[in-house]
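Next comes just one chain, in C-alpha cells: the form predicted alone.
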Amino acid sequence: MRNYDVAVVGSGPIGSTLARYVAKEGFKVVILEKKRNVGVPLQCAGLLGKRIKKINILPQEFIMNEIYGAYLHSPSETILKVSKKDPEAYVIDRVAYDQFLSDEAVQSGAQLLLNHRVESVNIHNGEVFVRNGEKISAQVVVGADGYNSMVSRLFNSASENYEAVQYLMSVKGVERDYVHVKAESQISPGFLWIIPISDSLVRVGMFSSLPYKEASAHLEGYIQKNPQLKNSTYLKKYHGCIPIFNPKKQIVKKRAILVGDAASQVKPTTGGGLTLGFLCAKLASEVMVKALEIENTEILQKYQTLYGKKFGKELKTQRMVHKTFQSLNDAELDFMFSKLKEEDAEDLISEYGDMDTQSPLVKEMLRRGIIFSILPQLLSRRISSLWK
C-alpha cells in the first residue's frame, strides 16, 4: 500500500488545481485518473468569463478568441445586443488547458497516475481501492471525479444532470467578437449557443433536460433553420452532462471532500463550472492544509460552512433566475424580450451583466422596478411567488 496525505480522484481542471495548491505546501499528493489521457474527450463549451485570469493561471496560448458581448435571442427572434468595451470572456482550448493544469500540479510535486480507475473508497480511514488491485491510503480523499462522481455517491444520492450536445463547425463570415444565445421554453432553463472560435470556426450547442436523442434532434433543427449557419460543415460532435446545482448537497463526509462537478458546483443559470470550481478548489485546499498541519480531519467540515457563506447568496439568486426562466412559455419569453428592448435594457445588461455573477444585474433590475413592469400581471404574480 502506498501512503499519501491527499488522494485526488480525477485529473480534471478542478482536481488538478487543488492538487497543485496542496502539493505546493509540501504535502504528498497523488492524482488518480481512470483515462489514458488527461482532458479528452472535450465535454465543455470552453467559454470562460474574464475573471478567470484573476482566479487561476491562464496562459495566452490557450485563448483561441476574445468575446466582447452577446446577441440574446427570444424564441421568435427578438434580439437584445449586449456589449462591453473590454473582453468579457475567453474561448479556450479546453483539452490543452486541462493538460496544462495537470502538468502544473505534477511540477508542483503531485504524482499523476493514469489508467487508475478508483472502484471504492473508505471515507472513514482514507483507503482507496483501484481496479488494478492497487490500494492507496490517504489522510484526505478528494472527489473531483465529475458529474457521475463515485466518491459523491458514497454519501449523497445520485446527481441529476442536464444533457449537453455540441458541434464544432466550419462556417464563413463569422462575427467573432460576439456569442449568440437563444432561449426556448422547450429546453429552458437550458439554451442554445453559437460560440465563435475564429473567422471560420464555431462551437454550436445546447443543454437541456431533454434525453440525448431529442436534444441532438433539437440542435440539428436549430442548425438547419439558422441563416448564420448556412453552408456550414460539421467537423466534430461532442456530448457531455452538466450536474444540476443542488444547494442541499453534502460536500464533506469524514475524510472525503468534493469539488467541481462532483460537488454540483455549477452556476444554476448557465451550467458553467470552471470559475466557481477553481474558487472552491482554493477554499478546499486551505481548509485541507490546516487539517493536515494539525492532523485533525474533523476540520474538513469547515469547508462546507465556508462554501455556503462565500457563495450561498449568489447561487441562491441564480437559482431563482433559473426557476423564473423555467416557468416561462415561448409567448412569455417573447413578450419579456420585447419589453426589455422597449425599456432600453440592453444598456443596463451591458453595464451590470456579468457571466459569473448575475446578482448585481438582478438587484439593479429589481431596484428600478423593471423585472415586474415588463411582465403581464398574472405572470408577475406567478414569478413573485418563486422569489418568496
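The numbering used is simple: start at 1 and walk along the sequence shown. None of these values were measured; they are calculated from a predicted model.
We do not show the form predicted together with a small molecule, though everything after this point is about it.
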query: Check all three, G190, C280 and Y307, heavy atom within 4.5 Å of the small molecule in the model of the complex; finding: no
query: Interface stretch in the model of the complex with the small molecule - options 115 to 123, 247 to 255, 220 to 228, 75 to 83, non-hydrogen atom within 4.5 Å; finding: 115 to 123
query: Touches the small molecule in the model of the complex: K34 (any heavy atom, 4.5 Å); finding: yes
query: Non-hydrogen atom contact R94 with the small molecule in the model of the complex at 4.5 angstroms; finding: yes
query: The small molecule contact in the model of the complex: G69, any heavy atom under 4.5 Å; finding: no
query: In the model of the complex, A23 touching the small molecule (heavy atom, 4.5 Å); finding: no
query: Single option in M64, I349, L47, I55 placed near the small molecule in the model of the complex, where near means a heavy atom within 4.5 Å; finding: L47
